[in-house]
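One chain follows as structure tokens, the form predicted on its own.
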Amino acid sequence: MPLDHRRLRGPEESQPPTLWAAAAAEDEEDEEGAGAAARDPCALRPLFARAGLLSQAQGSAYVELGSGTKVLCAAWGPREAAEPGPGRLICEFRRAPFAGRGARGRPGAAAEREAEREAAAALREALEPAVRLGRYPRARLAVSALLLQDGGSALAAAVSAAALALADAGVEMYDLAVGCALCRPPAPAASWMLQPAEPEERRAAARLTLALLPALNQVSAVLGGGRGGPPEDWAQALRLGLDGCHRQYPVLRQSLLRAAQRRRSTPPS
């Protein structure tokens, strides 16, 4: 019997894809549990930062954490504002349609817009103490953060990336704002964990995100909630987060320095 070359020959037997999807989900949960059990709570995720990579913006930065979180930020310098008064910082936070794992709600839904507005307000609260807004009367500065992949600690990564982008744009700042996130597992005697991944954040009993100006040793923002235990445990979490910010600071500062060196070595077009 001649073969029909216009058709693809499929297998003689087949199985429903739901069997493989369930097995993959079980393997993923096992890997997440093993990784959480073997991880040092005080260890930082690997951090990659690069400033000055977007030509369409005055300043830009990209920050990636070892947990998979990827944030891209763009900043624009002072522009004339319509209303008189001191300078204003306008922050925007958006999630890419492919940022989260698993099922995602309809883009532009009310819940998603509200979450983005809350993240933008937290971003502005963390960045305003770092920017010398008094030097920009009747002007507005803008920074936009795009979450490309949410692997956990997304807001903290956005704070660091946005501060890098503003500095790369030439905005006068007191210091770089460095973000750090923590979470506490639901176990009774569990300790706080630095830079939690997305599964750890999902199962956490309490969360904490803080922003620090390391050179000034000044906390610019604290955002937290949940059942974190007595005040002494929250104080311990703050100390751990401050230490995490100080340890990330040299990486961000070196990234900004390398961007300035690249800009200086590039001949003007």
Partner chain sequence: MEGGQEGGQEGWMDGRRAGRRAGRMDGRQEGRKAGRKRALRRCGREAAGMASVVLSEAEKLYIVHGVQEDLRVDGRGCEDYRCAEVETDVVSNTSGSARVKLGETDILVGIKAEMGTPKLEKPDEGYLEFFVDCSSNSPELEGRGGEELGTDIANTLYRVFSCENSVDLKSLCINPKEHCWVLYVDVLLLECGGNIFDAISIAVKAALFNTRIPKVRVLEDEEGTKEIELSDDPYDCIRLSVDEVPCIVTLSKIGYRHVVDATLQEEACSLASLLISVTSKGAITSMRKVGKGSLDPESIFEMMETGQRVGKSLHIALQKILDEEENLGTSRPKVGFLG
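Numbering follows the first chain given and starts at 1. Predicted model only: the values in this text are computed from it and were never measured.
There is another form of this protein, the form predicted together with the partner chain, and it is not shown here; the text below is about that form.
Q: Even though the partner chain is not shown here, does residue 228 get within 4.5 Å of it in the predicted bound form, heavy atoms only?
A: Yes.
Q: Verify the contact flag for residue 232: yes if a non-hydrogen atom of it lies within 4.5 Å of a non-hydrogen atom of the partner chain in the predicted bound form, no if not.
A: Residue-level check for residue 232: yes, a contact with the partner chain.
Q: Please run the contact check for residue 185 against the partner chain in the predicted bound form: heavy atoms, 4.5 angstroms, yes or no?
A: Flag for residue 185 set to no.
Q: Can any non-hydrogen atom of residue 114 be found within 4.5 angstroms of the partner chain in the predicted bound form?
A: Looking in the predicted bound form, residue contacts with the partner chain include residue 114, since a heavy atom lies within 4.5 Å.
Q: Along 185-208, which positions have a non-hydrogen atom within 4.5 Å of the partner chain in the predicted bound form?
A: Only 208 sits within 4.5 Å of the partner.
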